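Just one chain follows, in the form predicted on its own, and it is written as C-alpha cells.
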C-alpha cells in the first residue's frame, strides 16, 4: 500500500538512515585503526566487528537510495509513487550480520575449541532461522494475520538464542576474570534490550491505524536498533578483547618502542 508522508515524517527517516551510515562508517574506520592494539589471539573478534559494520554500511547505502527512489515530492508532501521500497536490503544485512555478531561474542571469550564450535554452529543456525522466518511477515499486508504468525515463528529461535547466551554461556564464565564477566553481562543485556526493539517495530503496521506513522516509526526504530546492536556491540567486544589482552600481558610493539625511547 502506497503511503504519503509529510516533510517532517520523510526527513525523520531520511536523517535516521543518514545517521546510521555515518555511524557504521565511523565504526568501520575505528575498528580498523585499533585492531593492532589487541593481542593477536583476540583479533578475530575485532575483525568480525569490522565485517559487521562494513556489511551494514553497504546495505544502509542501498536502503538510503531505495528510500529516496520510492518517493516524489508533490504539493509539500512525499508520495510513495516511485520504485517500491526494498525492505529486503535489511533482511539480507541481518542474515549476514546477526550470525557474525553472535560469533564475535563467542570468539572473544576463547572457550575450549569443542565448546566454541558447538556454540557457533547452534547460534548461527538459530540466527538464520530467526531472520528467514521474519521476512515473510515483514512483506505481508499490515492487516494480514500472516505478520503475526511469522512473528511468532521467528520468536522461537530468538528465545533459543537468549537461552544459549544467558544459561549455557553463563556456565562458562567462571573461567573469565571479574572485569570480563562484567563486560559480558553488559553485552548480553544490550542484546536483550536492543533486539527487543525489532519485534516491536515489526508489529507496528498491525498495531497502528495510521500507516504513515507506523512506517516512519518502524524505519526509525530499525535504524536505532542497528546502531545499538552493531557499533555499540562491537565497542564492547573490543573492550573485552583489550581486557583479555592486558591479562595476557600484551603490549603493542609500537608502544614498547615509544616507552623505551622515552627512558633513553
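None of these values were measured; they are calculated from a predicted model. Positions refer to the first chain, counted from 1.
Form predicted in complex with retinal: not shown, discussed below.
Contact check for 116, 163 and 170: none of the three has a heavy atom within 4.5 Å of retinal in the model of the complex. With retinal left out of view, the stretch that reaches within 4.5 Å of it through heavy atoms in the model of the complex is, among 80-88, 128-136, 181-189, 106-114, 128-136. Residue in contact with retinal in the model of the complex (any heavy atom within 4.5 Å), chosen from 63, 27, 46, 229: 229.
With a 4.5 Å cutoff on heavy atoms, residue 195 counts as touching retinal in the model of the complex. Under a 4.5 angstroms non-hydrogen atom cutoff, retinal in the model of the complex lacks residue 123 among its neighbouring residues. Retinal in the model of the complex comes within 4.5 Å of a heavy atom belonging to residue 222. Retinal in the model of the complex comes within 4.5 Å of a heavy atom belonging to residue 202.
Contacts to retinal in the model of the complex (heavy atom within 4.5 Å) from stretch 158-178: 158 only.
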